[in-house]
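This document opens with one chain alone, in structure tokens, the form predicted alone.
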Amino acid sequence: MSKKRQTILVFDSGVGGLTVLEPIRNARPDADYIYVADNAVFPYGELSEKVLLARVRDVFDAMIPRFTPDLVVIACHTASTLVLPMLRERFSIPFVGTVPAIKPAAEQSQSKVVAILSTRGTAQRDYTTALIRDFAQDCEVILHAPSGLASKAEAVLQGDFVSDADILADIAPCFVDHQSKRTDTIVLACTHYPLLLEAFERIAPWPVTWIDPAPAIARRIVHLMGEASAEAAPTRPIHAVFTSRLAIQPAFSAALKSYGLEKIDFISVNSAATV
């Protein structure tokens, strides 16, 4: 008898979580996947902590009973740095978060000048401050949270044009060069930002190492759930859920399909949370 397929729910405020979903799916192709995007209140990086906690609670109160996942990945730095204790207390299934990869960045930086490219919410979290204090005391840390960069990443995936000049303006403060030292490592502390990695690498003032947390998250999933089952059926299409109806133009549809998202539903979530 073949082993029952496990279900992994990957969650983000938009499509940034697809950059986390892809390596997880590569590591565990034998699992079933639900991708939930709370696009009704995107972007999370601009929400207050109170509103974000309430909103995430309401989303999972709706989604957990509906999909009964075996494990949930919070593929959002802004949410992960705040909501994980609440979710773990509320539900009995494992939750894996996505937090700024400050420790590995500090360890591998040669110049000891490290930038953290994040959202405003992540930049303001005590969690982020603690990571810098605990793991990057020997580094000069530039914490930069450009407004609207996540929205630009969403726009690019949907097939819209975003100029290199606009993107460069958002990342330029991460690049410092003084006293014979300059930035050599940048932490992508928002899951949307790897969607723009090709542009980042092309327009960067000089080459740097870009740290994407997704591979580490995939390894964590395998540690918690085990290796892929050789007996399981091949990878299946992913069921995607958006909390607000949106126009899916051909370019966006093709991008979603490239990540394996073929069945798309719109499920609204009632919430008392207000911005």
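Residue numbers run from 1 along the displayed sequence. Everything numeric in this text was worked out from a predicted model, so none of it was measured.
The protein also exists as the form predicted together with a small molecule; that form is not presented, and the subsequent description refers to it.
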item: Residue 43, heavy atom within 4.5 angstroms of the small molecule in the model of the complex; value: yes
item: Contact flag, residue 190 vs the small molecule in the model of the complex, heavy atom cut 4.5 Å; value: yes
item: Residue 150 within 4.5 Å of the small molecule in the model of the complex, heavy atoms; value: yes
item: Candidate stretches 170 to 178, 106 to 114, 155 to 163, 190 to 198 - the one whose heavy atoms come within 4.5 Å of the small molecule in the model of the complex; value: 190 to 198
